[in-house]
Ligand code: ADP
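Single chain ahead, written as structure tokens, the form predicted alone.
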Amino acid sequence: MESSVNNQQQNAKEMGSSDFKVGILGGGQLGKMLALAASNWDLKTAILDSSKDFPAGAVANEFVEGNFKDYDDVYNFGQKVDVLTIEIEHVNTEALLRLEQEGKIVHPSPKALDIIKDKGLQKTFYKEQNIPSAPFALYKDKMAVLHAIESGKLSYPFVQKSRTAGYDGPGVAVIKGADYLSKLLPGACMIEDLVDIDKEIAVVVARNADGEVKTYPSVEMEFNPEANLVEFLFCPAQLTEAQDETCQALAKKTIEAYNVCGLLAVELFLTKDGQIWVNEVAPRTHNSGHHTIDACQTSQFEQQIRAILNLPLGSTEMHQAAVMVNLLGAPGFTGPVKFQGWKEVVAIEGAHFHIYGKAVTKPFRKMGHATVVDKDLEKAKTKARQILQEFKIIS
């Protein structure tokens, strides 16, 4: 660990050199915003993904077309950069492990990624680390789930999650009774009790190689019931002081347990009976931290750069209250992007728009986000709901 830290400190000292390069696996909107943050410091970025037409292709200094799930593509890409990080966890970790063994700085660690990208391993990890989480069971496939129901070992209602590759709605099925069995997902899965949730909370936490840890203020999430995606995010979350302290402490405990350098978005459940459980995590910048660009002293994207370079972490203090609204593709439209109501919503005071640059819209596809800042959280909520109502992304 000491040699890794020393190497990282040396790289941080050299980051101003013209040939220093940050490598990012993934060229979507997170890669775009991460590259934009790096460019503020004149840091050069290289991105690996399958098409330069993706959002990050317009802003990265170098875009390598390839597959971040392919061993050779990831290994060869990693050889060309000084520090390697991610915008998506579903990457080839075998290549990352080899690069790390050869002295390349890789954050987050491949070992942590292997746990996090398998929801079954995640839940087992929380149990081993005494991190509170919902009760669960693991099944090898859909037939095993059906057999458990028939034998009485599993009862309704429950939530099924694919162990790998599932996120943002896909990969999650809520099974309330026998009439819902057609929604069961194929493949290895995890089953959780259907928790009686009062609120869904998230805390983005950062950690560098020196062990410095900083958390952002807790946020409260409101989901689109049809797409199972975050529709609104409110910050600060409406929690008691004790509840907020518990959320913040759990986020710190979780990132330290994983030994992650970079960011960890920790999603939590506040149950109706007052318990706070870790739901799952993402080892990268996250939808639940987008508001930090406009509402905090340091954005989550700059914070990831600071963390992976082992620089002092930036202040996470908020300027004002904030509401983030995801701008999703309108239902019934697939094709080239058109905006409806753009002139009206950009006139809203305190609203900041971030359009990702995806060429094709699809129903409920994340096409951008808007953050409304205001001294009064309720006023910010009203403006955010106005944006959702008046602005449509169609084709």
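Because the structure is a prediction, the values reported are computed rather than measured. Start at 1 with the first residue shown and count on from there.
Although it is not shown, the form predicted together with adenosine-5'-diphosphate is what the next lines describe.
### Message
Only one of D294, E302, E200, D82 gets a heavy atom within 4.5 Å of adenosine-5'-diphosphate in the predicted complex. Which one?
### Response
None of the others qualify; the residue that does is E200.
Check: If you check A257, A249, V195, L184 against adenosine-5'-diphosphate in the predicted complex, which one has a heavy atom within 4.5 Å?
Finding: The residue from A257, A249, V195, L184 that makes the contact is V195.
### Message
Is D141 part of the interface with adenosine-5'-diphosphate in the predicted complex - any heavy atom within 4.5 Å?
### Response
D141 lies outside the contact set for adenosine-5'-diphosphate.
Considering non-hydrogen atoms and a 4.5 Å limit, does adenosine-5'-diphosphate approach F136 in the predicted complex? Although adenosine-5'-diphosphate is absent here, F136 would stay clear of it in the predicted complex, with no heavy atoms inside 4.5 Å.
is_contact(K119, adenosine-5'-diphosphate) in the predicted complex, heavy atom dist at most 4.5 Å = Taking the distances in the predicted complex, the answer for K119 is yes, it comes within 4.5 Å of adenosine-5'-diphosphate.
Is it the case that E280, even though its partner is missing from this view, gets within 4.5 Å of adenosine-5'-diphosphate in the predicted complex, heavy atoms only? E280: contacts adenosine-5'-diphosphate in the predicted complex.
Worksheet item: Since the chain is shown here on its own, which stretch among 93-101, 208-216, 156-164, 124-132 would lie within 4.5 Å of adenosine-5'-diphosphate in the predicted complex, judged by heavy atoms?
Response: Contact criterion met by 156-164 only.
| request: For the heavy atom contacts within 4.5 Å of adenosine-5'-diphosphate in the predicted complex, list the residues of 243-279 involved, in sequence order. | output: Heavy-atom contacts to adenosine-5'-diphosphate in the predicted complex: E267, F269, N279.
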